[in-house]
Structures are given as structure tokens and as C-alpha cells.
Ligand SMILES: NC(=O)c1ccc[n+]([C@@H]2O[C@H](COP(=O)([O-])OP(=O)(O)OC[C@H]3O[C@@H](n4cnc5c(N)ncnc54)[C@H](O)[C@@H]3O)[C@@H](O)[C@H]2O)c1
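What follows is one chain in C-alpha cells, specifically the form predicted on its own.
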Amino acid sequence: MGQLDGKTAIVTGGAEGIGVSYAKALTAEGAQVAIWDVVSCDDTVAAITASGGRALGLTCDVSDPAQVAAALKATQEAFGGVHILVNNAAVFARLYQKPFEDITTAEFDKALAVNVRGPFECVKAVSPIMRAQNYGKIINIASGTAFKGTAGMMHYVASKGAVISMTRSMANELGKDGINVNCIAPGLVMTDAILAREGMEDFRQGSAAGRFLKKLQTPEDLTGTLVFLASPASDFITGQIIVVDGGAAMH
């Protein structure tokens, strides 16, 4: 038996990058997973189905409350209640380092719309379901950059700092209804998009050198913490930020 048998999970941004590993890890523990993304989820769904899991792919821009509501309705119709929400969707891989004076207003607003308002919209949508069942696991994804103030990425750093603060407020408000809200703060993860980006080798190696554990971080380094926070093993943990980065940032 899996730790998450009988549970339904939503993973936003699960069509590519870290989200694929999150979705696969949850289904490996018995959860049925709805993957919400702005790009096709077909490959992720096919991989999960081929391994015997249950998954549903839905087109959803998490910054649009109407699309969130539609995706939630489709998830409920397919799987029933919602027990786990992983707020993973974010703007990052397509951002490039630049002085904050050179970040345009449109770039800043886009980062906050997806990275901050997206989790807000998703939690606001699922909270009535979780309140009614007096149970829920919400896992927000922030970043270790919020503790380090990484240069050249102010819009991203600001958005992830906001996710950390929202996690604490959400945990405070939802705790009385049996809902746990926690946050994972990864380091720089070697997704396909990061590995494919030109001119990043020195940055990648510098990231590894700056950790206590001298290695590049992979998506699989995060899945153990994710499953723990989604499972009954963490039922008395809420409002916490767990940094999973090999020791680059201490919190």
C-alpha cells in the first residue's frame, strides 16, 4: 500500500520540469493526480499511466481564477474530492539575470501574477473543499533565493519571498479546519530547461560549490520531502518552510 492511497492531488505546472517528478512521486504512493499547466500535459500523463498510475492533464493558467475554477471542477468530476495541492507552477526558467533597474514592469508583473497570485487563486479555490472534509495538505513551492537575495533576479526573489509569507498566513487561517500548509524551498534544480540554457555552466557549477553537499540538485532530490508533507507522517506540521538545497541556505 502507498502512503497516499485514495487521495487526490493537484500539481500545478506539472507538464515539465520539477512538476513532472512531483506528479510521478505522488502517483507512485497511490494518489491520483490532476496536472494543471499552460502547456500540454500529455507526456506526463502518458508516463504515469504507463507505470500504472492515474493522472489527468488539464489546461490551466493559475493566474486566471476562471481557468482555476474550471480545472477544479474537472478534477472533482474525474476524481472526487481534493486532498493535496502542490503549488508548483512558476515563471523561472525563461527569466534571465539582469540588474533590477532593467526589469520591465511587464516582467515584474508577470512573475508576481504566476508565482504569487497563482498559488493564492488555487488555495482560495480548493479551501472550501478541504474545509468541508476537515482535511487537506497544501504544499507551496518557494526557493532558497528568498533567503539569499540572489542578484539579478529581484522579481523572482520577491515572488518567492511572498510565497513564504503567504504560507504562514494560510497555515494560520486554515489550521482550525484540519488543513496543513507548508512550503518547500529548493535550490537551483537541474531541469531540462536549465541544462539546455547556454552560458549557464559557471552558474551551475558555482551553485554546487556553494552547498555543503557538493553536487548539482536534481528534481528527485525534492520528491521525498514532497511526499512526506503530503502524507499522514506530517499531520502535525504546518506553517513551515523546508529548505531542500544541500546546505546552500540555512533557515
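Residue numbers run from 1 along the displayed sequence. Because the structure is a prediction, the values reported are computed rather than measured.
One more form of this protein, predicted together with the named molecule, exists but is not displayed; see below.
Notebook entry, point to check: 88, 114 and 156: each with a heavy atom within 4.5 Å of the named molecule in the model of the complex?
Noted result: Verified in the model of the complex; spot residues all in contact, yes.
Check: Tell me, which of 147, 120, 92, 79 has a heavy atom within 4.5 angstroms of the named molecule in the model of the complex?
Finding: Checking each option against the named molecule in the model of the complex, the one that comes within 4.5 Å is 92.
Notebook entry, point to check: Using a 4.5 Å cut on heavy atoms, which of 48, 31, 226, 189 is close to the named molecule in the model of the complex?
Noted result: Of the candidates 48, 31, 226, 189, 189 is the one lying within 4.5 Å of the named molecule in the model of the complex.
Check: Would residue 213 sit within 4.5 Å of the named molecule in the model of the complex, counting heavy atoms only?
Finding: Contact with the named molecule, no.
Note to self: Is residue 62 near the named molecule? Define near as a heavy atom within 4.5 Å, in the model of the complex.
What the structure shows: Output for residue 62 is yes: heavy atoms within 4.5 Å of the named molecule.
Notebook entry, point to check: Does the named molecule come within 4.5 Å of any heavy atom of residue 69 in the model of the complex?
Noted result: Contact check for residue 69: no, nothing within 4.5 Å of the named molecule in the model of the complex.
Note to self: So, residue 18 and the named molecule: in the model of the complex, are they within 4.5 Å at any heavy atom pair?
What the structure shows: Yes, residue 18 sits close enough to the named molecule in the model of the complex that at least one of its heavy atoms falls within 4.5 Å.
Checklist line | Contacts with the named molecule in the model of the complex - residues in 26-61 whose heavy atoms fall within 4.5 Å | finding: Stretch hits, in order: 36, 37, 38, 39, 60, 61.
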